[in-house]
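In the structure tokens that follow, a single protein chain appears in two forms: structure 1, then structure 2.
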Structure 1
Amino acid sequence: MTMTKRKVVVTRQLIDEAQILLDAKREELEVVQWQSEKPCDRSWLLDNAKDATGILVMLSDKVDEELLEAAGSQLKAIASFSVGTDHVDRDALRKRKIRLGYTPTCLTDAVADLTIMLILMAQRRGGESIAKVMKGEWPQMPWHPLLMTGPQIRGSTVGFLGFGRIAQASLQRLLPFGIKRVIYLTSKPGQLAKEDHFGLIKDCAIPIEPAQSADRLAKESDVVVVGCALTSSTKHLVSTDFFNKMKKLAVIVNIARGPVIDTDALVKALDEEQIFGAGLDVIENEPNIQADHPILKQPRCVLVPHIGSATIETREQMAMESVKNLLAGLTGEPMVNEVELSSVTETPKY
């Protein structure tokens, strides 16, 4: 008698190493996979989710009541190829006792590296400078003492809105630049960070202090790094009031989720020179940013298309962990990284 294979759905082509790991299980699994590097059609996902035991999704795939209903009661696990889980309805998973795997730790170095790049690009007017060269304007730029000058990172106070693993890895990279002070805000203002991932908080040669409020973070920082989770309470946390309190020579960097910053307010702050510049890996309504978007008219804003994890090594590790999480979810074994879906919806740490 032949046993029915458990069905898994995978919403994208995978990197070779991860695909090999998945394909090795095809004798015991029915693998239904979207055969493209482009996002799968929602209708395809809903149609093929029926009777699935596990589903491996990307950040662009919404996991909601509609998908879970389409899958059915036998669904055991969702594996998300991402560090963020705001595309997943956690309450819906919790009610059905469906496990959720994700990949939070393997992105740390890549995103921290990009954070430093964006800080330097924002302070040193990197995007503006490159644009002038590309437009052929360099010959019409006679040198003078203040030509294309910006604030220097040495001696800066760096404020972190969210102080998790990526923020602390970014701080680790900033210390050799000679920053003078760090303040940070978590979901518990004024309290010390729960985790000291790299032993920096206790033993650092410069002050690292919790901020009492977002206002204080805005007022005292020369560099603000947005690294918090997107929740109902953090959406547009950085808006007009925040920008009005920032220093004129301060820059802001967002490596978290676009909607934490109110884009209209950011455009206004840059227009009115309320702040010096911005570096964004993420933005509201991405990827639907057309060439006429107001943010692209801001010479002192550097925007890159959500490439925080875009190193070869990181994406390979994310792919492998996603497949391992998927397989572990089918068998009840420990996942590499699993979201704890408690009986009460928790406010994500930031």
Structure 2
Amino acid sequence: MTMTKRKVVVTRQLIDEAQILLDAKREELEVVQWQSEKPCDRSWLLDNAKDATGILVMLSDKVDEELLEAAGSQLKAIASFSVGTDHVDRDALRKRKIRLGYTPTCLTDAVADLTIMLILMAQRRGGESIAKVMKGEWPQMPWHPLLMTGPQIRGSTVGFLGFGRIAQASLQRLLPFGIKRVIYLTSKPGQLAKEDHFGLIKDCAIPIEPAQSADRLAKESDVVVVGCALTSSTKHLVSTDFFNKMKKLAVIVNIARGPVIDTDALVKALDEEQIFGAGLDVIENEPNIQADHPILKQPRCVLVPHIGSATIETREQMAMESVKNLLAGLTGEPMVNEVELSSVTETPKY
């Protein structure tokens, strides 16, 4: 008697150990995997989803009614290689009782590291410096005491818009740079942060306090770190009003979601020297940023292409967790991280 193998569909070649773990299951599972380096073709996915028990998807693969219909009623689990799940129709999953796995926790270090890089690049005029050297201007830069100087981080007040795990991991890294004070704004202004992920809030040599308002945070910070979720109330939270209240030598860094900062207002603030500089991992309308985009004309702004989680280790871990979530979804075991579809939860940030 032969049992039919359960089918899983995977929309990517995976990395190293994750692929090995998946391949080790080929005796018991029919594994159908997209082979190209390009994002998975939609029609390929719809064709191959038929009869699948689990599907491992990337951010670029939409999980909607159409896909679930194409798969059929035996589908038990979606495992998304991502922190955000905006590409997944949760209601559609919920009504079919399909479980949803994702990979929210393993990128904290990678994003926090990048946050520090962007703060220092913004303060120390890193983008401007590199550009001058690349253009061959170094030989013609006569030394003077304030040549290419920026503000120093020691003694800074750092303001966090959003104070979750990544913000707190960034703060942990900033402490030995000699920052002197931390303020943060959450969805409940003035209230203590609920979670103290690294034991910093309770036990820190410098004051860490909730801000009463975005205005106060803008006025008092030398470094502003945008690390909040994108919601209707945080969209364009940082706009002309905010920039006008910031210090002339302050910098702003965005490692959250582009639309929290109003790009036009940022360009204006930089043009008018309302602030000293900016470091962005994300921006409105990414990735559709053409070479003539006005932000790219700002020497004091550094923009990198959403590489917050782009470390080899993090991506390997995300791949491993995705495969584990997929397998757990087939057998009914607990996933490493599962979205609670039954309750109404906010969309995670990344």
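Because the structure is predicted, anything quoted here is derived from the model rather than measured. We call the rigid core whatever largest set of C-alpha positions still superposes within 1.5 Å between the two forms. All residue numbers here follow the sequence of structure 1, with the first residue given the number 1.
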query: Chain form predicted together with a further copy of the same chain: structure number out of two; finding: 2
query: Test item, rigid-part assignment between the two structures: M335 alongside K268; finding: no
query: Turn angle in ° for the smaller rigid piece between the two structures; finding: 12
query: Core-aligned Cα shift of E28 between the two structures, given in Å; finding: 6.3
